[in-house]
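Quick heads-up: it's one chain on its own, the form predicted alone, in structure tokens.
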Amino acid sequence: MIKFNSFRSVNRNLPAISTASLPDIVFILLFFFMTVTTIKEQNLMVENTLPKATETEKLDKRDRIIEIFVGNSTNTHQSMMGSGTRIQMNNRFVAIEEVGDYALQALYQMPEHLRKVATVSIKADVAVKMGIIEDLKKELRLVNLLKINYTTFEGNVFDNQMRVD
């Protein structure tokens, strides 16, 4: 017969856990989150459910992108601006005739070496009519901003029709 008591009699007092490295770990985590976290640049004032597309390509360099959001105003802004499709640039609603001016302002805020490679990114809600997008493109064409990108999610295109209905 085996005696198990002999195993229990072994002194199992563990040494206390050293907390000397705990401040180092906390600072490493703090620096990690400080370097990885980005500050939200724009508050979205329009509904923005992006459509899906099969052929997508990611824009890597965000410093050369001028963003234009198109969609119905959110519930919080409908009391001020009413319902209907709105265009948002730099945390403000913009009329279609003002898009060119605001796009040029955004362009001239970029460093000079990035102005030639700037891209206008249209982030239109899936329910936005194409006529508004065409008018937007005309305004951008007038100020010679011809490099336009449509921001989408990757997915089945036929899901867009189901969301509009």
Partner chain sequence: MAKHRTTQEVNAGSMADIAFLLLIFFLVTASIETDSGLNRMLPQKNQEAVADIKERNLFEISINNADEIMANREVIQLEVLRKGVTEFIDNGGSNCEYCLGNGTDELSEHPGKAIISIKTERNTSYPVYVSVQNEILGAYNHLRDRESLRLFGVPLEEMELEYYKEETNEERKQLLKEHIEVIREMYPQKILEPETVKN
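C-alpha atoms forming the largest set that superposes within 1.5 Å between two forms make up the rigid core. Residue numbers count along the first chain shown, from 1. Please read all numbers here as calculations on a predicted model, not as lab measurements.
Not pictured, yet referred to below: the form predicted in complex with its partner chain.
Highlighted residues M45, N91 and H113: none comes within 4.5 Å of its partner chain in the predicted bound form, counting any heavy atom. Of the heavy atoms in F27, some are within 4.5 Å of its partner chain in the predicted bound form. Although the partner is absent here, L107 is not a contact residue: none of its heavy atoms lies within 4.5 angstroms of its partner chain in the predicted bound form. Though the partner is left out of this view, E134 does reach within 4.5 Å of its partner chain in the predicted bound form, counting heavy atoms only. Contact check for I66: every heavy atom lies farther than 4.5 Å from its partner chain in the predicted bound form. In the predicted bound form, V128, K129, M130, G131, I132, I133, E134, D135, K137, K138, L140, R141, L142, N144, L145, L146, K147, I148, N149, Y150, T151, T152, F153, E154 are the residues of 127 to 156 with at least one heavy atom within 4.5 Å of its partner chain, listed from first to last. A displacement of less than 2 angstroms separates the C-alpha positions of N144 between this form and the one not shown, with the rigid core held in common.
Relative to the superposed rigid core, the position of the CA of F31 differs between this form and the one not shown by 2 Å or more.
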